[in-house]
Structures are given as structure tokens and as C-alpha cells.
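Shown next as C-alpha cells: one chain only, the form predicted alone.
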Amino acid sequence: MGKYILKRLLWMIPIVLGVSILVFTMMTFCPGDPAQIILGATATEADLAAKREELGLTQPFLIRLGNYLSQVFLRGDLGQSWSSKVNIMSQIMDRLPRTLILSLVTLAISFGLGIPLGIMAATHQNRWQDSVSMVFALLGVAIPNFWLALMLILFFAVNLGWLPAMGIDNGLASYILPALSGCMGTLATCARQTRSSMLDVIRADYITTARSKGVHEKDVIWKHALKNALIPIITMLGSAFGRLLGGMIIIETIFAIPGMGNLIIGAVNNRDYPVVQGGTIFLAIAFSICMLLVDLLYAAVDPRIKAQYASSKKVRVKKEANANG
């Protein structure tokens, strides 16, 4: 297991390196002059030329790319913002907790409702419960999250006054409407995936055997069927969490939440290349770690996968013992 974890961690290096090169290239060749945006429309050509020289924009692309990769991967420095002159890592650490809380609350709602909904649809296949669950899932995929966010603000914040419309000054209550707005797509996907996995499992012979032995239907579904249907659901859990970390841009903008999404979209608008690049690299690392944790969670849920790790270790030990004679 330790060797597998080390291997996966080493695979993160080319992934993050590739993301860094791609984002740096895209930001370099996208339209817009960072010097003009920073200095404003009243800046003279001499001021603009001096600013471009200060930012290193006059150097050849490959030299700039090499300097940036050396700075990030050899010195571990994401640099500082061109516009605010603030260290990028400190900005990320300041914004990350808000995005993390919002992503966790959204994920809890999505899977807390999506899994029971999918189980209900699978256990009542081709009946009205199945139809209602799948219609709800389709609506969740079809409804744009920005439209849902505006409707929730109008109803719960403006008309009823139950929840804050924006900001984070009201603690956890400030995250309820944003989480509800952002959870629908993930909830719908979770319900559909759970239904599909459960339908495959509940037709298995061991489920029929458990029922024939008189095991209560509730235990058959929740203790036997669901546990064996969790592998694809766990896969979706990890990828969904990674997407939420970097995909809350619209929700954070609508609800004025100063998180990672707001930081990156503001940097894109201001052509603040180092912030965009640093934020994207950080999110790529976070996503890779999420997928590693998902793979490790497989072994905890499915004894067959855990047995594969154990058997491969025994094979290595036996080969080493034979080699040593």
C-alpha cells in the first residue's frame, strides 16, 4: 500500500507540471495588456513600456516559462499578485477555507439526498417512486445553477427574510443558499449513479440468498446491496469534490463569497497572470489528492481491493525470499 501511495504521489508531478505549462501558455497568449489594465487608460507609452519590463513581459516566452517553472517547482514560490502586490499563497490560504466550507456543505446535501433518492428509485423500479426520482434528477441537471440561485435569493432572502442574500457575515447560515444553488447537478448525478449501481447489485445471487434466509429487506438494501454498490459512488464523490473546489465561480460571484472562484475570476478580468496560474496549480494539486484518497477509500469499502494490495505484497515478499535463497 505504501508503495502504491508513493507511486500515485510521484504521478502528481507530471500532472501538475502539465497543468502549469498549459495555464501559463494560455494566459500568455490570451488578449489583453496587463500593464494597460494595471496602470489605467491615462498611462503613457513610456510608463507602459517600463511596467512591461518590470513584469517581465518583454522576455521571450520560453525564458519566462522556464523562470516560472523554476520558481514554482524548485523554490516552491507561487509569486505575488501583479495588481495588489500580495503573496499569492497567502491569498489562497485566506480564500480557501470559505470555498472548502461551501464545497463540503454542497457535497453533504448532494450525497445526503442523492443516495437515498437513487436507492428509492432502484428498489421501486418502473413504479411511480422511480419516475418521480428520475424526473427530479433530470430537472437537477437541466436547471442552471445561476437561475436557481436568483430564485432562492428572491424567495428565502428577499420575500421571507429567513436567510442572508450574500456575504459570509452570518456564519454557516450564509452557506445554505449557495450550497442549495450549487448542489442540484451533483445531486442529480449522484441519484442516477446510485440507481444504476443498486440495480446491478440487487439482482446478484448473494442478495437473493440473503432474502431467502429471511434477512430483513432494510438490512438487505443498506448493509449488503449498498456497500457493494459504493465503488462507483465513491469515484463520483472524489471527482465531484474536486470539481466543486474549482467550479464554484458563478455561485461565489452571485452570493459575493470571497473564495477561490472569486479570486480566480477577478484575476482573469484584471489579467493578473500569477494569481490565475497559482490558483490553478493549487486546485490541480487538491484534485489529485482527492482522487488519491478515493483510491485508498476503495480498500476500506471493498475487501477484494484490500486483498489485492495484501496479495501483491505477499508475492513481493515471497520473490525476495526466493532470491535471497
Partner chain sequence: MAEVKAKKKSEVVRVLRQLSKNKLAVLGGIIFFIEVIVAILAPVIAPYDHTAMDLMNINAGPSAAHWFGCDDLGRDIFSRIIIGSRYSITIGICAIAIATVIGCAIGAVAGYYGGWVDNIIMRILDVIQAIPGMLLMIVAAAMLGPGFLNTIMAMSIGTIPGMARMLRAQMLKERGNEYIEAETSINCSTFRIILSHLLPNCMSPIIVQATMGVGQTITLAAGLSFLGLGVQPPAPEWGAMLSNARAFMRTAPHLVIFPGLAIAVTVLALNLLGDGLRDALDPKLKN
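Numbering follows the first chain given and starts at 1. None of the values given here were measured: they were computed from a predicted structure.
A second form of this protein, the form predicted together with the partner chain, is not displayed here; the remarks below concern that form.
Colleague: Just one of 290, 257, 27, 35 has a heavy atom within 4.5 angstroms of the partner chain in the predicted complex, so which one?
Modeller: Going through each option in turn, the one that passes is 27.
Colleague: Only one of 130, 200, 94, 77 has a non-hydrogen atom within 4.5 angstroms of the partner chain in the predicted complex; which is it?
Modeller: Going through each option in turn, the one that passes is 200.
Colleague: Select, from the options 208-216, 139-147, 78-86, 176-184, the stretch whose residues sit within 4.5 angstroms of the partner chain in the predicted complex by heavy atom distance.
Modeller: That would be 139-147.
Colleague: Given the partner chain in the predicted complex, answer whether the residues 11, 153 and 196 all have a heavy atom inside 4.5 Å of it.
Modeller: Spot residues vs the partner chain: full contact, yes.
Colleague: Consider residue 158 of the chain shown here, and say whether it contacts the partner chain in the predicted complex, taking contact as heavy atoms within 4.5 Å.
Modeller: So residue 158 counts as contacting the partner chain.
Colleague: Would you check, heavy atoms only and a 4.5 Å threshold, whether residue 108 touches the partner chain in the predicted complex?
Modeller: Although the partner chain is absent here, residue 108 would stay clear of it in the predicted complex, with no heavy atoms inside 4.5 Å.
Colleague: If we define contact as a non-hydrogen atom of the residue within 4.5 angstroms of the partner, is residue 70 a contact of the partner chain in the predicted complex?
Modeller: No, no contact at 4.5 Å.
Colleague: Given that the partner chain is not shown alongside this chain, does residue 264 nevertheless sit within 4.5 Å of it in the predicted complex, heavy atom to heavy atom?
Modeller: Answer yes; at least one heavy atom of residue 264 falls within 4.5 Å of the partner chain in the predicted complex.
Colleague: Where, within 261-282, is there a heavy atom within 4.5 Å of the partner chain in the predicted complex? Residue list please.
Modeller: Read in sequence order, the residues that approach the partner chain (within 4.5 Å, in the predicted complex) are 264, 265, 268, 269, 271, 276, 280.
Colleague: Mind checking the CA-CA distance of residue 246 and residue 90 in the predicted complex? It differs by 3 Å or more from this form, so is it closer or farther?
Modeller: More distant in the predicted complex, by 3 Å or more.
Colleague: Flagged pair residue 246/residue 143: C-alpha distance shifts by 3 angstroms or more in the predicted complex. Which direction, closer or farther?
Modeller: Those two alpha carbons end up closer in the predicted complex.
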